[in-house]
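First, one chain by itself in structure tokens, the form predicted alone.
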């Protein structure tokens, strides 16, 4: 599992203190499109205890490995710091688990923010051990004072940059691209109130990797061994227990899933006071989001690079991207805008909010070139095309890879390949390199 080095440069560590009688939460920032230490917000944040617990949950997921491959000792990793995006009217805090199978996002909505954002953008935030300990001690429903970054021009105290280096697994970074693709295929399936939500989450098993289905009953939800109409897949149901500390603040729970039968990702969204927490679970406990291949066709599309450049120039950190308006502004068909957004998502430049059924703008504080280069299947497919390994005859193509020739057949129901990779995964993890090569060759 390859890793890239992420360097956090914080002006000072994050801290929790007291200001004008309120808890004072100061989050240090590192990395941004325009400013290495951006200052996104300064003001009050409602529902102090709820928000403190939610931030702790986002940080805890980043330090958790829900799956350890056989024969591998559980690695003790310096956890990657959460990412925060300021979309003007809201703040979004995100993290991935170390195993890349769980993504969590806290959306702090306008009603909780006592004032407008000072700037928009995306950055990492320092959630260090002393701050986590202090957050755990915040109680009550009053507001707290929140600073995301600080205005260094009015800071009179001397400061020095605190630098921390963290090896980020490649699959963790790729997960940010794949999870938005997965979310864009989902629709609301189940919804319940606060009481039913507490009962369901607290009844979940604490261990296990079985694929189960959450099914609605007269009294709430139950887990079943088989899929049924309007059921939601839950692989490794214990992973959903990360929501448990927030249940006392919950006002409801909603589940989203794609319209497929079998193992699939799902989003579980817990509604809070002026906030939402969404937890996205991978289709299997041992299967992270990094290998899903959902962005490969967007990256392979001949028009998507130029379209993405055009579309990205029109984005302005909108909390919800209006695809039709963006298509009109760009002078492109809506389907090409969606493909361009898929390409931008591969570089961490857009996310997807299932609640709003739309994309939102963000710019992950990682090197976009590194993120775009993390797709070996696409690189292999291009190499096959360049080597003249693709011979097509109508709906049947033959692709020579090494000493073996594979047959790619296009039918009304999709494209199939005779390679072992396709035999294992079918269409569940994006196209194999041979299918991609045939598609690339057909486009010339």
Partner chain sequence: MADDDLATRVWELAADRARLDELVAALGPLTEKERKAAWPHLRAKLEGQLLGLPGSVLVVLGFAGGPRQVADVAMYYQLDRRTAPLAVAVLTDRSPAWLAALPAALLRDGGAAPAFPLLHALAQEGCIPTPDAPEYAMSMLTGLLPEMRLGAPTGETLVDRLRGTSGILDDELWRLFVTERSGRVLARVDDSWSAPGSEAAPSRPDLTWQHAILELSREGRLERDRLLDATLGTFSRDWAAVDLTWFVRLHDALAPTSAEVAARVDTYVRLLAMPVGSVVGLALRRLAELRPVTTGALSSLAVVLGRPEKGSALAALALLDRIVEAHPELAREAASVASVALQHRNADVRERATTLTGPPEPPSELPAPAPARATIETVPTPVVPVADADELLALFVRLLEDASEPVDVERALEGVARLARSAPAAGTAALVSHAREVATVAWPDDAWSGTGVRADLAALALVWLDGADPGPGYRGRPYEYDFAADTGEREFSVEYKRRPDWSLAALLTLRIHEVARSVSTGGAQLLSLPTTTDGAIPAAVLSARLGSAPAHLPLDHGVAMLRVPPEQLSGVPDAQADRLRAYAPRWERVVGSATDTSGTVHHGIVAWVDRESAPGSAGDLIAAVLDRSDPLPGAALEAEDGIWGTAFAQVTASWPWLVPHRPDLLAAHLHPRLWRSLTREQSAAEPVLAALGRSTVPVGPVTCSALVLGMAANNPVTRTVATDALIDLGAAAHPQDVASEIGFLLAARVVVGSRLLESLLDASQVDPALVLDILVATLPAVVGRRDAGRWVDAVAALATSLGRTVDLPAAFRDAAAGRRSSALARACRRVPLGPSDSGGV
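Treat the numbers as computed from the prediction; the structure is a model and nothing was measured. Positions refer to the first chain, counted from 1.
The protein also exists as the form predicted in complex with the partner chain; that form is not presented, and the subsequent description refers to it.
Between 281-289, 95-103, 195-203, 320-328, the stretch whose residues reach within 4.5 angstroms of the partner chain in the model of the complex through a non-hydrogen atom is 195-203. Interface residue among 62, 385, 56, 48 relative to the partner chain in the model of the complex, by the heavy atom within 4.5 Å criterion: 56. The listed set 392, 379, 68, 419 contains one residue whose heavy atoms approach the partner chain in the model of the complex to within 4.5 Å, identified as 419. Residue 333 falls outside the set of residues with a heavy atom inside 4.5 Å of the partner chain in the model of the complex. Though the partner is left out of this view, residue 355 does not reach within 4.5 Å of the partner chain in the model of the complex, counting heavy atoms only.
Remark: residue 226 counts among the residues lining the partner chain in the model of the complex, judged by a heavy atom distance of 4.5 Å or less.
At the 4.5 Å threshold, heavy atoms of residue 248 reach the partner chain in the model of the complex. Residues of 93-120 that come within 4.5 Å of the partner chain in the model of the complex, judged by any heavy atom, do not exist; none qualify.
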